[in-house]
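Just the one chain here, the form predicted on its own, laid out as structure tokens.
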Amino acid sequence: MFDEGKIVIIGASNVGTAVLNKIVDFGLASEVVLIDINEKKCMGESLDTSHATACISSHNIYIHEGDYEDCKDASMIIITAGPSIKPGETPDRLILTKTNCKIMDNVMSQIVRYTKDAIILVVTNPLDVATYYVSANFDYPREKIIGTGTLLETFRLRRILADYYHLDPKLVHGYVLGEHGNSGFVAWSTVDIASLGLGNMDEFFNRDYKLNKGMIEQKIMQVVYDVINLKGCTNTGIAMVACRFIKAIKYNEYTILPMSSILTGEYGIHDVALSLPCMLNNTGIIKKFTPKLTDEEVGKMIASAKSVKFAMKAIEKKTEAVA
């Protein structure tokens, strides 16, 4: 049995604490446990945020530092542990593979001592490699392991297109698919605005020139590194993404979002985790969808798989051939 309102966050650095604060802002839990090897930082963040909840009259959340035994009755475990790309470093999350997979090994080895019931949300980069590693190596139910994947890029697509046409981003639909990283791509065949047809928008808005799709894709992939170089890290956007997943699970939404999980033959791809649209409820992933992509888009998905698999060669612990 587990407590439906209890969430464990592993990692108390920039991303983990941002996720904690957003959970509190939205009232998505009754208890949040923060775990980190830096116990003083963990205690400080827990104490600070716990006192801040006194300002919120609508909900009371018990926030405290803890250890892995707290996972035994948690409904969700959010993994944010591990270093991220820093300003001035090579702009590619895949360079974090070896270091962060060792951290995933330590984290998951502890989690499985106490539970295989909680839904695990993987946030640590390189996201797809970490999601594959966690899913393939610890005999944990795969439908309960979710990588945040390209939902953040999908939200960025909505914002950038909405700003371009000066309209509500909630009117923009479509997906960024593949890797949460440099080989991810906009599946333009899935993109629409207010059911009016993306191809009609320039005419509707009296534009003298057509939408430059290449420019939009470049902005989506570049913005993360702009944020890192400007403020030192990215945390707010991914914290909002984590909370979108938490909300979908907490309220049993049966919603469809792009997320990372291991592919088992979709578009002919095996043994790698990438983002596809999946249906999600309070038990985890219940259905995976393969949109009718163009040949060019399928080629980009295959290229994305090759990129992630190449990075996976750095992992010392392998369970399957990933060449």
Ligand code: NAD
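Start at 1 and count along the sequence shown; that's the residue number. Because the structure is a prediction, the values reported are computed rather than measured.
Not on display, but discussed next: the form predicted together with the named molecule.
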Tell me which of 186 to 194, 162 to 170, 200 to 208, 146 to 154 has residues with heavy atoms within 4.5 angstroms of the named molecule in the predicted complex? 146 to 154
Candidate spot G11, N14 and I103, all three in 4.5 Å heavy atom range of the named molecule in the predicted complex? yes
Can you pick the one in T294, N38, T53, T283 that has a heavy atom within 4.5 Å of the named molecule in the predicted complex? N38
Looking at I95, V112, M240, C233 here, can you tell me which has any non-hydrogen atom within 4.5 angstroms of the named molecule in the predicted complex? C233
Closest heavy atom of S84 to the named molecule in the predicted complex, within 4.5 Å or not? yes
Is L177 one of the residues lying within 4.5 Å of the named molecule in the predicted complex, judged by heavy atom distances? no
Using heavy atoms and a 4.5 Å limit, would one call V123 a contact residue for the named molecule in the predicted complex? yes
Within 4.5 Å, heavy atoms only: does V107 come near the named molecule in the predicted complex? yes
